[in-house]
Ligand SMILES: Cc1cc2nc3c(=O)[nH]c(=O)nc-3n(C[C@H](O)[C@H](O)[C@H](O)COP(=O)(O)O)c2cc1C
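The chain below stands alone and is given as structure tokens, in the form predicted alone.
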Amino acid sequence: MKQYKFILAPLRGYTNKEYRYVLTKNFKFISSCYMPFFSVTDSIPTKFSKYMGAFTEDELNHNITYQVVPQIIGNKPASVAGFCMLLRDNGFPVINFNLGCPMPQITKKTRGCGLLPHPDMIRSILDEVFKIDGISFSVKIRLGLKSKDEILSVIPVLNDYPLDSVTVHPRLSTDRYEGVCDIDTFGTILPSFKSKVIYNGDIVDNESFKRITSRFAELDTFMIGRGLLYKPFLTEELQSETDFSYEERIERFQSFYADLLEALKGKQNYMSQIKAYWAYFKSLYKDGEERYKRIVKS
């Protein structure tokens, strides 16, 4: 059986330090967790202490079974490079750059997907980043802001740098998370990348996973976001090529959920966080909608 690597995608408001801790404690085959992005603007960050709260103690002490990967979003070359050095100097040399966030409040500021129509700006950022020694730098990207032709101008820029990997989510920014991933375009551009390519998007079960692996046998690493919110045990099902029974799913989930409640206990936004998770968790139960309604009303 082929061994795959699975990466937890960064989802703001969901894949926080508590979720990463509980997910990797309860389930296997998660090799890396990408953190929700740190935003950098004009100023160059100089104090790591203000960011430490986003990490678990074990992540800060590197006492973990997975690799934690901080993600940066921004469009100022000096600021992005400065934050890379800050992360490196504090023990986090493996860093990801966000070219994939589709939210309008981000893209209208020419950040995330908003950078995709501007390959020269991307080049300026990478020029500064790759002056830094001792870091491993990767990129997470979509097909474009408004047109999938935009990535055709970005790929040659990315190919000029020794990126650790490029994670591709084959949607446009304007798609957000609606519709289906554009697998045909992904297949067309896949051979064009010089760096390792990681696939991201719509992997929610064995059937959807096999659609990708059967078509792109050369891929061995996959990033999963919402799929691991719907089914926290999903990586175990994918690696074993087996669907757990309903009873086993519920048993595994309940153990995970008890740990998650304990980890979140005492947080200021405890109940709103639980309600947000249950928008996904409800799909596990046959009476999930009723459970969700009761929780929302609690």
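Here the structure is a predicted model, which is why all the values come from computation and not from measurement. From 1 onward, residues are counted along the sequence shown.
We do not show the form predicted in complex with this ligand, though everything after this point is about it.
Peer 1: Determine whether any heavy atom of residue 202 comes within 4.5 Å of a heavy atom of this ligand in the predicted complex, and answer yes or no.
Peer 2: Residue-level check for residue 202: yes, a contact with this ligand.
Peer 1: Do residue 226 and this ligand share at least one heavy atom pair within 4.5 Å in the predicted complex?
Peer 2: Yes, contact at 4.5 Å.
Peer 1: Heavy atoms within 4.5 Å of this ligand in the predicted complex: does residue 232 have any?
Peer 2: No.
Peer 1: Against this ligand in the predicted complex, would residue 12 count as a contact residue? Criterion: heavy atoms within 4.5 Å.
Peer 2: Close contact exists here: in the predicted complex, residue 12 approaches this ligand to within 4.5 Å, heavy atoms only.
Peer 1: Out of 56-64, 266-274, 30-38, 249-257, where are the residues with a heavy atom within 4.5 Å of this ligand in the predicted complex?
Peer 2: Result of the contact check: 30-38.
Peer 1: Which residue among 136, 110, 71, 124 has a heavy atom within 4.5 angstroms of this ligand in the predicted complex?
Peer 2: None of the other options qualify; the answer is 71.
Peer 1: Counting only heavy atoms, which residues in 144-175 are within 4.5 Å of this ligand in the predicted complex?
Peer 2: Result: 169 alone.
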